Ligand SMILES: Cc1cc2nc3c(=O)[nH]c(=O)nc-3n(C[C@H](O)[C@H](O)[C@H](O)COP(=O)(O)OP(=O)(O)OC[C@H]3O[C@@H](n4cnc5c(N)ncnc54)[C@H](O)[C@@H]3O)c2cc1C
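Here's a solo chain for you in structure tokens, the form predicted alone.
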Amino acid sequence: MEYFDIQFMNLTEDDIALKKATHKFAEEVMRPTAKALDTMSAEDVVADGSPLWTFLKKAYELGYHKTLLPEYYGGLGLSPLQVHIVFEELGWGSFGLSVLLGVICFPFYVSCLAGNEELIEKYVKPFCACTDASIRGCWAITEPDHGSDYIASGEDYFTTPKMHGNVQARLEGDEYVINGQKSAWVSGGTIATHALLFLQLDPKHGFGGNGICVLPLDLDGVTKGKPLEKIGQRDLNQGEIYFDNVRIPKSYMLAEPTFYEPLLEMILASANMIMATWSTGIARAAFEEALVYSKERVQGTRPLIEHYAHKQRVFKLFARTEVIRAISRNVLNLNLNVSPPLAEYSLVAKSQCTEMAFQNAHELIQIMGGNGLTREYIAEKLFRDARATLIEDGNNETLERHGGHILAETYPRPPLDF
């Protein structure tokens, strides 16, 4: 269904062409792939011959894996508005596959954020040039004993020695030696070739003593667990990674403790504004399904959409979609234009947009009644996928608490000077 964009008046011909091309990819490639993967076991999703690999190769050929990267490194060099256009359409196609494409890029994107020229030359530029999906990243942060508390800087427990990370690294000469385990929730974990790895360097300072590195996953001592089975975003591969005396050069460490929290804030700002943008797509998908179904389903001798109260229900789905787009588009434009990005705005966008997108998916089920619970329709998948977003990249309660901490510590901010 062609969806009107209230901001079409501000779109150039290139923007409109990009929107149409990405929607075509989302409709003709992502939707069928996601539907097929949703019915498969987690192991079959990543097995040889899986539709996942065909999807990834097509995505790489079109450059969607490098949407966030600047043109001078080989990325697409898109404007903030164009980034939003692409991510909204991808989110409409499949939230899980969108997340996979996002984390695939993360080690390389954060290498650019940190300004590590060695890693940019060695890994970022080859990643941008890759067209066969043979170079794939993952975001290895969550641990068996730590979830959202891994990002809870500002809490009194964050810097205590009791915050003992499951992945530890020690410096030996010019190399870091890494041991430990990341949990089964590492997105892209069992198929990645590189990891953006969060680890603890100085346990005396708890997670204030953490670091962030880029780690090639073909090194001696790296092993991976089985892909994770779950109810939502089943097309998103996730799984454990183990490290047994893995050695990396000291220069692969993007942030040691003195720079850890500033880089963590930049990463949170980036990840959460993107989550909000994908939420526009899934909210829109739920609204469109509700509208089409309401025009086709006859109850009480006439289509649902002709019933007085039902018009109000459908309008609320439309309204949430437009609110989500306005929030996510503006936050993306802000944080891709300021350095460092303002994390509190990304936290607003992620927490509010995912909540409203889930409301849309929930209401779609209610509108469709029993049909919404069947696999014949996409509604139940949208519901399961949207539910996962309230936990992904930090559960919303933790993110809102962190946003409150930022406000308490930094406000009022001086006016922004663009």
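Note that residue numbering begins at 1 and tracks the sequence as displayed. Please read these numbers as outputs of a predicted model, since none were measured by experiment.
Another form exists, predicted together with the named molecule; not displayed. Remarks below refer to it.
Comment: the named molecule is not present in this chain, but in the predicted bound form one of 321, 200, 142, 294 has a heavy atom within 4.5 Å of it, namely 142. Though the named molecule is absent from this view, in the predicted bound form it lies within 4.5 Å of a heavy atom of just one residue from 153, 193, 148, 79, which is 148. The stretch among 68-76, 126-134, 185-193, 247-255 whose residues place heavy atoms within 4.5 Å of the named molecule in the predicted bound form is 185-193. Within 4.5 Å of any heavy atom of the named molecule in the predicted bound form lies no heavy atom of residue 38.
Contact annotation for residue 391: at least one heavy atom lies within 4.5 Å of the named molecule in the predicted bound form.
Within 4.5 Å of any heavy atom of the named molecule in the predicted bound form lies no heavy atom of residue 14.
Although the partner is absent here, residue 103 is a contact residue: one of its heavy atoms lies within 4.5 angstroms of the named molecule in the predicted bound form.
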